[in-house]
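A single chain comes next, written as structure tokens; it is the form predicted on its own.
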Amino acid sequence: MTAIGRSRALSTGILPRVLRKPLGVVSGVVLLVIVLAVIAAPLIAPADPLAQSLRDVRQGPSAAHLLGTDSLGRDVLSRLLYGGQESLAGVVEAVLAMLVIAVPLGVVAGYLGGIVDRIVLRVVDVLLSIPGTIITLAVLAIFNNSMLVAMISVGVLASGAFIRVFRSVVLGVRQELYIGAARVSGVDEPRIVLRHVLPQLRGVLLVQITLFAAATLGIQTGLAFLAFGPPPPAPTWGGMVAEAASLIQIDPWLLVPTGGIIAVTTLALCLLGDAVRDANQERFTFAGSAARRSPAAARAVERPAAPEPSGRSAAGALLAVRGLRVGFGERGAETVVVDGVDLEVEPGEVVGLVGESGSGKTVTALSLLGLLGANGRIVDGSIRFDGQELVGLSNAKLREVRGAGIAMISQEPMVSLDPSFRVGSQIAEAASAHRRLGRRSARERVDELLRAVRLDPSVARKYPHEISGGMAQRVAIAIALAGEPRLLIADEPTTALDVTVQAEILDLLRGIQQRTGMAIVLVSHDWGVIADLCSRAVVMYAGQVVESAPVRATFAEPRHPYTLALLRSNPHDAVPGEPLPTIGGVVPSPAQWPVGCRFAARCAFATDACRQAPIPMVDVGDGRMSRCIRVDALREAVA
């Protein structure tokens, strides 16, 4: 089987993968036969389970009695079939009680975190500290040997351990980029939980159900063995084992069918759980694109430059950010990582956000959508989008902006797509989050969006691991376009792609921007990408904007030493045989920001005055801003 065929085969659901495992098939068939036989006992049982015949006492297997008879001449097979109803019903009751408590609490604790998580964990501690055996026996005594109440109490007491299991799975899932991508697309939290979080519990849930069912069967039959539950002569598996144990010296055969059915059922449940676990893990074994990438046209040598705005006007700006400060940590003691950022984006403008890793570019972009995470917050400042203040908006109000007003694509498209769903399903979800669409309309909208990003509509039927990185980035762009946003934030959209695919993505973004008039904020460290697509560059360093200018002017005459150093370090301008110029040192961490210019320690133009006090942003003419007091010296050096 080829890699493509193998990955497609593994993209199916858990059931087909389990059916490919011999042990899974055998255990499933055995379990299904037992359950169906027990349910159909009134129809297939060869005799009345209570009918006695003193002439047929303790007989072995025969044509009349396939599994023999007990000490009162009752048919063992009939009693096993009817007794299984009580035993399996007890298992189902305990499992349902556990799921009703463990799944909601585990999902809520893992997804919401914070005080909800702490409260749930305290409840779990209480449940785990309760002696289960004593409580179960007490319940039986109080409720007159009611096995129903006893098994429900078993499920309730066991739920604590399973809450922790489900919580740990959800904690990992909520950090996945496709969850953030769903939020960016404007999908509400309940829908994210139902569609993206709960499906990730499927494998773990099935494994835990089978293992807990096996353990519960032992508890239920153990209680019946101790004479709890329905009194004789009503048949129960545990009661029949107790009777067989008392006659083991006289009739050892009786223990074989009575104990054997319990052992076989338990073993089938455990083996089925192993098969389900392996099938769920195999789901991603051959993940990774095996699709062949089609040849792409090389990037054109020259392209018409994007129009440059004549000036900055907050009144007409689509996005206006003022004094933005973002911190992480406990409220009131945050570590500020973005400090006093001012940013404007005009309608239809493409702005590049440039800087080294750790400069605050991505945090600034995420703050625009309120996606900073549980321990991140906007400490100060204003973010106005299309005249609406975003700082302080509730999650419900922000969801109205996400996707429909501001959309975002990340630098890792493959992990921003949910591996559980086909590509078309995820695009349709984003489209349906902003407008009511029927099944046919949603399918047509998906085809339209795929064509808009230059993909064949047949891609809609593929899973994320069946497409290449470039195709995945196009799908991510299609999802971002589903809400027809006015502003697109592209966070390193070409970083993980090869050069040819980078050119295709940039061409695609340019075409979409020119066709729709959408504004773009392009986060990148690649000057080639900035020059290719943007009309203005905003350079960030150590959480601050240090220069803002039209792209052409930035390349021709940088007005901040950091911008000059970045341009000189551009690997695209490397001279063969000569070492590439680099910037000595590293970006200082937020806890070590100096009082004065934050670039002074790495700057060739720095003087003592640069280190004495914070450096403000100043207008250096021609619609350009710079955070430097040595602009004149820099201008002379560049000239």
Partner chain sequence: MIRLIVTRLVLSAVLVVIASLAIFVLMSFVPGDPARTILGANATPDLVARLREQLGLDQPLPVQYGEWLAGVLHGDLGQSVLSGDPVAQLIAVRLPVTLSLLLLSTLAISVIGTVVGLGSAVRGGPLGRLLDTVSLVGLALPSYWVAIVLVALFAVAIRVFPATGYQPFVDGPVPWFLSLVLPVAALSLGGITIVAKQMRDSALDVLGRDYIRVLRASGIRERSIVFKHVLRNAALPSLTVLGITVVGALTGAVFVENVFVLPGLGSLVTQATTSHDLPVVLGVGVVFTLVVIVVNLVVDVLYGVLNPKVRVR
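Positions refer to the first chain, counted from 1. If you superpose the two forms and keep the largest set of C-alpha atoms that fall within 1.5 Å, you have the rigid core. Only a predicted model underlies this, so the values are computations on that prediction, with no experimental measurement involved.
In what follows, reference is made to the form predicted together with the partner chain, a form of this protein that is not presented.
Distance criterion of 4.5 Å from any heavy atom to the partner chain in the model of the complex singles out I406 from the list V423, M98, V337, I406. Only one of P457, G381, P419, P104 comes within 4.5 Å of the partner chain in the model of the complex through a heavy atom, and that residue is P419.
None of the heavy atoms of G332 is located within 4.5 Å of the partner chain in the model of the complex. Heavy atoms of R377 never reach within 4.5 Å of the partner chain in the model of the complex, leaving it off the interface. The partner chain in the model of the complex is approached by V139, whose closest heavy atom lies within 4.5 angstroms of it.
Not displayed here, the partner chain is kept clear of G73 by more than 4.5 Å at the level of heavy atoms in the model of the complex. No member of the trio R325, E484 and A606 reaches the partner chain in the model of the complex with any non-hydrogen atom inside 4.5 Å. You can rule out all but one of 105-113, 383-391, 345-353, 141-149: in the model of the complex, only 141-149 has residues with a heavy atom within 4.5 Å of the partner chain.
With contact defined as any non-hydrogen atom lying within 4.5 angstroms of the partner chain in the model of the complex, the contacting residues in 458-483 are Y463, H465, E466, I479, given in sequence order. Core-aligned CA deviation for M240 between this form and the one not shown: 2 Å or greater. A displacement of less than 2 angstroms separates the C-alpha positions of S357 between this form and the one not shown, with the rigid core held in common. After superposition on the rigid core, displacement of the C-alpha of V459 between this form and the one not shown stays below 2 Å.
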